[in-house]
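First comes one chain, alone, set out as structure tokens in the form predicted alone.
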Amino acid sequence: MPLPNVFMIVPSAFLSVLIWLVLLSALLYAARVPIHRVILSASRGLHRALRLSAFSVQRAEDRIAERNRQVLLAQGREAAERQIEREFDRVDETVHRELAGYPDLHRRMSEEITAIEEEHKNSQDVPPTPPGWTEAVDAVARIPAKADPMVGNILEDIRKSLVKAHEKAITEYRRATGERHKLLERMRPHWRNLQQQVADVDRNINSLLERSQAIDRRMQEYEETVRGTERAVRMLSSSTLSQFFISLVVMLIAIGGATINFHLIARPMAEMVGGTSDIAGFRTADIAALVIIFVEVSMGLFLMESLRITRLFPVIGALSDRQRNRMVWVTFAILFALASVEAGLAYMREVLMQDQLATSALLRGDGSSEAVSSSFRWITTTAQMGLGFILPFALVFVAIPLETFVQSLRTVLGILAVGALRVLAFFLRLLSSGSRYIGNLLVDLYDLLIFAPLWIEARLSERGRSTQGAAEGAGSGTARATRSGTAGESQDSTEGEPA
């Protein structure tokens, strides 16, 4: 029996489909209430589950945000402490340097002032004045004595003596004035030295004032960081993002330098360790070159830690000064040895390149070009050896951007995690609201499938309400008639009664 014939209730397919629809509608109408409950319960359950998930995600976002805030404030507090410590060290160096030289400065200034005072005292000596009797003699010499020649000769001698004495006094006065000018001229170097010393003191004092202002700013930032204000958090967040991108750029530049260093020593390393052997699918020569570069970077990290420029390894920073100094020299010696090895490998690479070019020229039968270019090969050889010697020391400074990158990476990852959780919480809340409306939509769609029984039910209910309303109207009329008859009887009985 074919399967379509199973659903044939009557010979007519249309009637069979119609009968099936009627039966299915009746069945769905009978199961309407429980199915509605199932749909609404499922939508409410999904709504609550998604809402609870969104709440959990939001709680996780709040915890991560609070943790990021604490980490950011801790890093800012540590950075502020380091900067304040550095400013105090500079102030201490300036104060010790100036205070150590203050006795010598005071002695030199006292000597200069004493010399100036002596020169000034000597320059105050008044030049000799002409004798006082010269005025009387001058008055006598001016007496007219034309009558007596003897008196005239005497007066003429007096006048000559007076002129001679006056010229002598003028000469002495000029000599004394010249001496005063020489003394004042000798005071000029002392004034200049004293002015230079005062300028040095003024410059040092201004430097201390600038340091104190910088310390005040650092202290203000430190206090805001300790209090955990929003302004401090915003400043630290923006500063951390800037440091992250700057350190990332510097790290990419360092990776470029390491790549050049790798290609510089990879080929001669193949001649040393063998170019045909592999380790885990990688060439042994490449692994050896990478190991040398990684060792150089590690030595650079240790050197920077020993010099207390970076603080990636607290154990190294906690060592005594003597041990750190030994570590500095040891790491520097290893770096120098590795740089020398790389310079030798670069020279070996150039020799291998020349052998390869000579072999190629010999196979081509062209030896003239080789002879011409051989006179300039020392330039490339020297450049490669210089790069091989300098790059290891240049990679030492990778420790500084690496420290900044590591410290800022924690904050950046935290910000990205907070953003991802916030987006996830938004979508969970959106799905939660959507599930609630989807449940109501499914209920309406279910009622749409059984619209015919529902329409019949609505008609029957309306008719029942009409019949019930008519019955209630008839009952109310009878009640009103009964109440009016009772009232008339009460009025008649009232009228028949005596007042």
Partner chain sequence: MKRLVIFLTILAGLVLAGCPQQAPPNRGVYLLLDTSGTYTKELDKAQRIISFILARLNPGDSFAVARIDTGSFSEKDIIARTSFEDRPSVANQQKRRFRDKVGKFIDNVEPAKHTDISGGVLQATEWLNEVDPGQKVVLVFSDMKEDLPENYVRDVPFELSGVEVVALNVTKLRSDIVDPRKYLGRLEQWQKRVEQAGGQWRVINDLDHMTGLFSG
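Computed from a predicted structure; not experimentally measured. Numbering follows the first chain given and starts at 1.
Beyond the structure shown, there is the form predicted in complex with its partner chain, which is absent from this document and is the topic of what follows.
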{"query": "Close approach of residue 359 to its partner chain in the predicted complex, 4.5 Å, heavy atom", "finding": "yes"}
{"query": "Close approach of residue 257 to its partner chain in the predicted complex, 4.5 Å, heavy atom", "finding": "no"}
{"query": "Non-hydrogen atom contact residue 313 with its partner chain in the predicted complex at 4.5 angstroms", "finding": "yes"}
{"query": "Contact flag, residue 206 vs its partner chain in the predicted complex, heavy atom cut 4.5 Å", "finding": "no"}
{"query": "Contact segment among 235 to 243, 81 to 89, 248 to 256, 210 to 218, judged by heavy atoms lying within 4.5 Å of its partner chain in the predicted complex", "finding": "248 to 256"}
{"query": "Listed residue (168, 120, 410, 106) with a non-hydrogen atom within 4.5 angstroms of its partner chain in the predicted complex", "finding": "410"}
{"query": "Contact residue in the predicted complex, from 386, 274, 152, 344 (heavy atom within 4.5 Å of its partner chain)", "finding": "274"}
{"query": "Residues from 18 to 42 in contact with its partner chain (non-hydrogen atom within 4.5 Å) in the predicted complex", "finding": "none"}
